[in-house]
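Form predicted on its own, single chain, as structure tokens, below.
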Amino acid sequence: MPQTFDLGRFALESGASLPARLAYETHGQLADDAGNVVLVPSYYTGTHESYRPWMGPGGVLDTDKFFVVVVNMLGNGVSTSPSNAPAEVAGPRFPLVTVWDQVRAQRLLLDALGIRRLRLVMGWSMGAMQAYEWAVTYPDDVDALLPICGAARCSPRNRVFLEGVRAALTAGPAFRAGEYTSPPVAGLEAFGRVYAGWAYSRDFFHHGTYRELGYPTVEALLDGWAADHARMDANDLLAMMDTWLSGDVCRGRPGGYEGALRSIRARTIVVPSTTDAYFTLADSEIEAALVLGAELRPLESDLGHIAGRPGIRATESLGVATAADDVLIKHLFPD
């Protein structure tokens, strides 16, 4: 079971407030000087459990060396979310929690744990969005940054994708504007089927790579994604989607988007997938060029966006592990 941290009545960027708890899991031992901390924020539909393939002695994040804090986003169904919040903010009444809000909440958790400086912030997908926000909001507190298949802001292409799956989820009468009394299964299944087409690449389907992931046919993959999403809460999916849409490190800061990225002081390796359909290689090339001293290290993969997801395939996992080693272990513990 994850641990929880009570945020009290947490003030949000929108002006609303949320009675909130953060759920988190730790791995490894905190050093006496709290100088070995890695923060890993959760991703869309992911939880603290989703990152466990990266954890362990000698793993992507070596828990013999590092104290890893994996934090569940507000809205993800484990931390305070539409599905488990007090009635006043439950379901469709759940307020917008921006990426900036998520990072500020995580900062309060770390303060309570006696942690000020982070050796590394890393994450996949929406976890990468939060990692970028960390490096911009708290530039003096982040030594290294490793965004994997993510971006510093939600692009127009992301918005097209997200509004498409939102429409599939909310279109049916069972959704009832979020006031459903039983899960809107048809909408959830449609959401999963549409999502599957964006998650992987053209070559993934053309070459039958789906068989490597346990799907004997394309139809089985579509059925699997539909079944997975049918078990999720629709309002939680929408709350996390709204967080995703809010992502933008610019946030009215002086210098805009470019200035925000140039303000990052962390040693940075940007790890996109070469075939990601919505967090694209082209966008990552722009961001890596704007972060001072950053290295762009693409994962050559036909898995699309899923290339960076923890525990999917050994080749891509090795690429993530090598990037983590280079940005963190070699940088902080030189021979």
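The model shown is predicted, which means the values in this text are computed figures rather than measured ones. Numbers for residues come from their place in the sequence shown, where the first is 1.
Omitted from view is the form predicted in complex with a further copy of the same chain, to which the following refers.
Output flag, Gly172, Ala190 and Val218 jointly within 4.5 Å of a further copy of the same chain in the model of the complex, heavy atom basis: Every residue of the spot touches a further copy of the same chain in the model of the complex.
Candidate stretches 281 to 289, 54 to 62, 41 to 49, 22 to 30, one within 4.5 Å of a further copy of the same chain in the model of the complex by heavy atom: In the other structure, the partner sits against 281 to 289.
Contact test in the model of the complex: Glu163 vs a further copy of the same chain, heavy atoms, 4.5 Å: Within the cut-off, so yes.
Any non-hydrogen atom of Thr209 within 4.5 angstroms of a further copy of the same chain in the model of the complex: Contact check for Thr209: no, nothing within 4.5 Å of a further copy of the same chain in the model of the complex.
Interface membership of Arg159, a further copy of the same chain in the model of the complex, 4.5 Å heavy atom rule: Arg159: contacts a further copy of the same chain in the model of the complex.
Distance check, Thr137 to a further copy of the same chain in the model of the complex, heavy atom within 4.5 Å: Thr137: no contact with a further copy of the same chain in the model of the complex.
Sole residue of Ile115, Ala230, Leu222, Met241 within 4.5 Å of a further copy of the same chain in the model of the complex, by heavy atom: Selected residue: Leu222.
Heavy atom within 4.5 Å of a further copy of the same chain in the model of the complex - the one residue of Ser263, Ser201, Ser83, Thr98 that qualifies: It is Ser201 that has a heavy atom within 4.5 Å of the partner.
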